[in-house]
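Only one chain is included here, represented as structure tokens and corresponding to the form predicted alone.
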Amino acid sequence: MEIPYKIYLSESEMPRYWYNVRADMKKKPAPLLNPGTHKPMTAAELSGVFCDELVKQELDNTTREYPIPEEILSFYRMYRPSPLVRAYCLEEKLKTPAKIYYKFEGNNTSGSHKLNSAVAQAYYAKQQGLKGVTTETGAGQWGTALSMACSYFGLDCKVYMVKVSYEQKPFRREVMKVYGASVTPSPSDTTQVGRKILQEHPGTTGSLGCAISEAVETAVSNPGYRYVLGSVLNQVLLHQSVIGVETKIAMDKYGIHPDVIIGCAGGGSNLGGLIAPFMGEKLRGERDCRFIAVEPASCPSLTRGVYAYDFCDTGMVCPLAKMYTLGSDFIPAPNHAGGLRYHGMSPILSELYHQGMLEAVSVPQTAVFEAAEAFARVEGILPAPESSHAIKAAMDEAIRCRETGEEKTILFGLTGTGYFDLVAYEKFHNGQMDDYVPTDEELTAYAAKLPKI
């Protein structure tokens, strides 16, 4: 069967459910712990921070398929199904026998895959009768997506944006404001935890851990608000599984079976969503596949982190999660141009990596932008810096196939577009970008501060 350049599913072929990979994991991810008692968090404790239905999804390790509510499906139809693209031009450029496919999630106004979970979380907040939600954002993709979703459902949206991204990515900030969100650079003097962090780290450029602390404090101190998160949590990976389920439907339709699946990894939402149904096949012993997480060398939680319980935020007000972590007070270098700057990794992906079901590599940012530019010149899409980590690894894999003669099928996630990230591209072109990598001594010092569980 001839494979088209772009595989589009019909609306009737869209997934009607989210897939929960935890149901097929023999060893489940470790539970979230109460930071005071070190006992597993209960639904009652979590409901003070998160929406009730999202708490149920967060704690559910057994339900394999969650029906997607019709109101969410209606929103998805604005931009889904998203295309699965055969990268014929990139294959020719690399002179590789490998077949390269990418799932493109950037064909919506937010410019990324983040909208898949944003609309779900906003929907459940609206169903609960809440006034609004608070959140953090790093590169701005999540904040942009959530502001869109909240506007659609008539919810207030308060966003704490990592200060360095607030300054480097003004266009994402302005899109959030177009959709009615308030955007505050973090750390800020608007919260107790923000003021504390500024006092302890004067002039800091911020981190996702800082922004999470501020967003959580704002949520719990304002009646009618709850906190929502764009990555890391089980519930987010559940919603993002629509990417993988949709991809598998398209590949099965044409008899395509990936040998390698690659995704960028910051907190884990895109990668976890893309690999979910394929990982399910591997866990059930039905079909094997390699899975590769690609992270920045400047924030290498999987490749150089510690698998331990750690705070999800710098202010140490959130639950403890067992994950690969660099330490909750780790702050990436200011010259780190992309997202993927969270100090830890999804508990689901961390457990799969710990079991050897998932590989991980880290790449320096100049090589990432070189790959991004090479991809843009042949495939016609300007990729986001985050997505370009996956592009770099996919190109490396394809080049190895050229050298060995292997005819592998490679799939990677193209999470979004880079049109809001042109300041980073400008720094790359002007030679103002370097490849800072934290030293072993620095990471050891952060690891020494991990909570003793």
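These figures come from a predicted structure and were not determined experimentally. All residue numbers are counted from 1 along the displayed sequence.
One more form of this protein should be noted, the form predicted in complex with a further copy of the same chain, which is absent from this view; the next part is about it.
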query	finding
In the predicted bound form, the residue from Tyr123, Phe291, Tyr152, Tyr307 that sits within 4.5 Å of a further copy of the same chain by heavy atoms	Tyr152
Listed residue (Glu174, Glu370, Glu71, Glu281) with a non-hydrogen atom within 4.5 angstroms of a further copy of the same chain in the predicted bound form	Glu174
Location of a further copy of the same chain contact in the predicted bound form, chosen stretch of 124 to 132, 346 to 354, 76 to 84, 241 to 249 [non-hydrogen atom, 4.5 Å]	76 to 84
Interface membership of Cys89, a further copy of the same chain in the predicted bound form, 4.5 Å heavy atom rule	yes
Heavy atom of Gly180 within 4.5 Å of a further copy of the same chain in the predicted bound form	yes
Touches a further copy of the same chain in the predicted bound form: Pro202 (any heavy atom, 4.5 Å)	no
4.5 Å heavy atom contact, Pro4 to a further copy of the same chain in the predicted bound form	yes
Contact test, all of Tyr8, Glu11 and Ile381, partner a further copy of the same chain in the predicted bound form, heavy atom 4.5 Å	yes
Within 102 to 133, the residues that have a heavy atom no more than 4.5 Å from a further copy of the same chain in the predicted bound form	Asn107, Asn108, Thr109
